[in-house]
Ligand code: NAD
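Below you'll find only one chain, the form predicted alone, shown as structure tokens.
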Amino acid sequence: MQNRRHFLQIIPISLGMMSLWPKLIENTESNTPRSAPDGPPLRVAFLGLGSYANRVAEAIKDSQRLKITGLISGTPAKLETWKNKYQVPDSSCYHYGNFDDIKNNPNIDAVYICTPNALHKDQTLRLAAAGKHVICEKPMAINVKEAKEMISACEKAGVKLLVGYRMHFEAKTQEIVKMRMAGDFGKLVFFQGLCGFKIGDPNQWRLNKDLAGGGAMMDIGIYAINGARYMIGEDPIWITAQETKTDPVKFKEGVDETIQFQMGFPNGAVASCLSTYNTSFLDRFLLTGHNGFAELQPATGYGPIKGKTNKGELTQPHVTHQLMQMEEMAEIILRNKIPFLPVDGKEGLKDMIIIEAIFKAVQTGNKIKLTWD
């Protein structure tokens, strides 16, 4: 393939076209798995075969660093479709009642949990007892107690517990964190995280407190919580929050529609965030300091992420988030790679502690103080 320099020599390009070059790169490098690893691929099973599991499976199907070798579902039709599509043998297909037998399957290294939030804890405990590494979608649990039980079970079993923080591997996000670590923004002052969309079907599990553990905060607000933490590079020491509910029929007791929350950090920075199920097109992070700023919009969608800083546009190529996440997690599990940003159970626990504090602040109207060991 001709390189970029030769391309520019032989084809006249206007200044307007040259300004599009980063976008052309971004759109042409989006789904390229990396080369084969130094060692075997991660053999992964999916627990829960819904829409997000399908998105992850599609992203990794051609990766040399991962192989889909197991399926767990309560829906026989889904098992049949998936096993044919990904060539998974009947012996590696399970339902929710018998997946403890996975302990006897040497062809499965790890299991990705893609089920409703309230099921994560019990499923993690069963997988840990079976000796399998766990990748759990976020939020990792519905409360702090459950998150701690999951961490303890995996530690005792000697298996890794990872949480599906795909943004921790996203290139533009990482670039901003690197700039912050280098001091490019100076003393940090303010972070804003806006996360929301207008949710549809009122009967879905995300609006069922028993399955979701809450509402918008558990689903979309966690991005602002986690984003504030990795953008600022600290954990908050106080939290205040206010809830707004315009539809108490759709958003029943314990299912939050909209919450505004504020967090204070040890270095003096303050975060102001919004989590909502009632307004679309909210996906923006802003970080400001005495010497500069960084902005992502969209900040957490499936991509491409768009961003800029006081030094200019961020032009890192887009790679499908689920592909990058899973390939990096394969390296963490199989070769003990240390990720640039943590994605382990203790990282997930911190977000659960903050979510509980936000709910408490809403209920009491008080400023909630946090301490970290």
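Position 1 is the first residue in the sequence shown; the rest follow in order. Everything numeric here is computed off the predicted structure, so don't read it as measured data.
Same protein, other form: the form predicted together with the ligand, not shown, and the subject of what follows.
Screening 344-352, 307-315, 330-338, 41-49 for residues having heavy atoms within 4.5 Å of the ligand in the predicted complex returns a single hit, 41-49. When the ligand is considered in the predicted complex, W205 lines it closely, a heavy atom lying within 4.5 Å. Among residues of the shown chain, K78 is one whose heavy atoms approach the ligand to within 4.5 Å in the predicted complex.
At a distance threshold of 4.5 angstroms between non-hydrogen atoms, K138 is in contact with the ligand in the predicted complex.
Taking the partner from elsewhere, R166 is found to have a heavy atom lying within 4.5 Å of the ligand in the predicted complex. For the candidate set N226, T173, N117, T124, a heavy atom within 4.5 Å of the ligand in the predicted complex is found for exactly one residue, namely N117.
Residues L211, D219, Y223 are the ones in 211-243 with at least one heavy atom within 4.5 Å of the ligand in the predicted complex, listed in sequence order.
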